[in-house]
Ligand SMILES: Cc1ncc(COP(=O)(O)O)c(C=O)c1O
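First, one chain by itself: the form predicted on its own, in structure tokens.
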């Protein structure tokens, strides 16, 4: 199967142009880009998207990491959801009890890393899952401060926004957000404050980050016994799909345990099989104290978030935290079946990782403007720069690549200051993967050669 683009996306006289204009009349401004991403989606099928003009695109975005098991709804999930709709969808899971959220909580507690009892709080999104994590660590420890990383993204509500540090526009005009957060450098092998080549000197980079946390933050800014937690994505998503050195989280956990500080693992974008493991942190041999999930948890059928945590950290009193839609019966059933489907896809994702590496890594050697290529499983980032020596970000060329690819039938999304993420649904075939990677390589060649 090949993409088919007969009508230029968003062109004059197209149906897409009409709907984009209507969108801006009635829908709030968020993160749309009508110049480089004029895509108006009408329907989906497997790993393919169809726009209102009948164009057919290969999707390398998974609905921003939500539709890991494809479009419109995986048949097994669809069957389970229809059966549940015949029973009940919303069962007020935070005031009444239902078996569906218990089954999902039990499943998540079982598959999450860590040989200790766990509990789960259910919500509607990633930012809510992280808001719950903030409350959990503060009330459990009696400590108030949280350390987060530059480049991290944890949501846009006023608590999670305080943790987020991937783009300053995310905080523009909305101060004050939650106090009590201090940011530190992330061990980005390609771009870090110490200009260390983290691919060649991973231990040196990790040591610098840990030294910064202990000798500067914990010694000069925050009393260690007042720091509740450190939060981090296992692989930074919005920050550029940045993969840290393999030993980083194990060494970080040792430091945190020394001071009784908890570790929150934000798996909202990287969890649910994206990296070839159910949880991306599994690649780093660490058991977090808290894990936040959302996006792909229900296969895109119903919004759901989850915060998995050590049972001993549970809220000390009824009413400290709750919500309306948490433990939603339909969402719980969709998530249970989605997890089952993803468990069967993990070997496939691991196999496809090799294909992505073989096709993407050579671009770094071939083109001066391709500064870095990094990834695990089906989570890949390609960073576009002015030149390799300066490493200066080149968002203009990055955006041109995305637009060129779209016009050739491949849907991509930006991340970081000048990176492109390649995150197709996990159900993608080898043939479809190679088709998309071929289109991407041609788009890169056209953009950097202009």
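Numbering follows the first chain given and starts at 1. Since this is a predicted model, take the numbers as computed values, not measurements.
Another form, the form predicted together with this ligand, is not on view; read the next lines as being about it.
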| So, in the model of the complex, is residue 289 in contact with this ligand at a 4.5 angstroms heavy atom limit? | no
| request: May I ask you to state whether residue 131 is within 4.5 Å of this ligand in the model of the complex, using heavy atom distances? | output: no
| said: Just checking whether residue 338 would be counted as a contact of this ligand in the model of the complex - the rule being heavy atoms within 4.5 angstroms. | reply: no
| said: I'd like to check something about residue 127: if you look in the model of the complex, is any of its heavy atoms closer than or equal to 4.5 Å to a heavy atom of this ligand? | reply: yes
| Candidate stretches 118 to 126, 374 to 382, 216 to 224, 131 to 139 - the one whose heavy atoms come within 4.5 Å of this ligand in the model of the complex | 118 to 126
| note | The one option of 261, 268, 308, 242 with any heavy atom within 4.5 Å of this ligand in the model of the complex is 268
| Looking at this ligand in the model of the complex, which residues in 230 to 248 have at least one heavy atom within 4.5 Å of it? | 233, 238
